[in-house]
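Here we start with a single chain on its own, the form predicted on its own, put down as structure tokens.
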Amino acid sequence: MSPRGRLIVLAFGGTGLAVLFILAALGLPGFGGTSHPYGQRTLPNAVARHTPNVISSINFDQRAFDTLGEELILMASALAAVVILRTVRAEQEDAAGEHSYGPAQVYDALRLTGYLLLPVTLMTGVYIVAHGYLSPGGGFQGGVILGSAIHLIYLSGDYPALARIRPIPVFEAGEALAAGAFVILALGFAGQVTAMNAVVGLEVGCAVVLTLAKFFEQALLVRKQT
């Protein structure tokens, strides 16, 4: 597409977004009134679901379709990053000969700290996911913690050690299964806050691992000297 065509598409999309935003803003209730339509709906529904965390009730019950869209966007973004980075790596290897991953040089204090923090971080992630219906947190936040925790192995050791405990096909399958489970829950069983938190945590964790894995492969791959 030519630069002129891109500008036309951008102007068309921006105009449509501005019109929708203005119409939505005009439809909002006034500030300072006695009518609070959102509060009047969200709080009773959260209580009906036995969910003290009203935010989780909104995400997984009252606006479950919006969260479903976010989940699919997350999955598509992770897959796109994996495909693009995989192609770049193949091009680099083809163009520059033999490659390998450099040796790890880790201080003992850092290695010990990483090993100690790994189980604590994993438990924290599980707690955040499991108690998302009750306290601040949930699948999105807990999934990021879980996906990041695995990479403490890299800080404590080296890349081959991380690769051994992080089989990419398993995480690819996990992300796909979690996304499918969330679609089923959102379409047929909306309001199951605990179960939806769990599958969101699984999908986010797998997406973080997959994306970081491809970036690690790009950043840590070194060319062997001949």
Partner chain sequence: MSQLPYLVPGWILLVGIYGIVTSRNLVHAVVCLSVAQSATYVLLLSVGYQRKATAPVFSDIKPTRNVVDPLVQAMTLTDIVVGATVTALLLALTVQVAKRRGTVDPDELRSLEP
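For the two forms, the rigid core is made up of the largest set of C-alpha atoms that agree within 1.5 Å on superposition. Fair warning: this is a prediction, and the values are worked out from it, not measured in the lab. Positions refer to the first chain, counted from 1.
In what follows, reference is made to the form predicted together with the partner chain, a form of this protein that is not presented.
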| item | value |
| --- | --- |
| Contact check for 106, 157 and 169 against the partner chain in the predicted complex, heavy atom at 4.5 Å | no |
| Residue 141: touches the partner chain in the predicted complex, heavy atom cutoff 4.5 angstroms | yes |
| Touches the partner chain in the predicted complex: residue 49 (any heavy atom, 4.5 Å) | no |
| 4.5 Å heavy atom contact, residue 65 to the partner chain in the predicted complex | no |
| 4.5 angstroms heavy atom contact with the partner chain in the predicted complex for residue 195 | no |
| In the predicted complex, segment of 31-39, 158-166, 173-181, 186-194 with a heavy atom within 4.5 Å of the partner chain | 31-39 |
| Within 4.5 Å of the partner chain in the predicted complex: residues from 42-56 (heavy atom criterion) | 42, 43, 47, 52, 53, 54, 55 |
| Per-residue C-alpha change between the shown form and the other one, residue 28, threshold 2 Å, rigid core fit | yes |
| Direction of the Cα shift between residue 136 and residue 32 in the predicted complex, where the change is 3 Å or more | closer |
| In the predicted complex, shift in Cα separation for residue 80 relative to residue 10, 3 Å or more | farther |
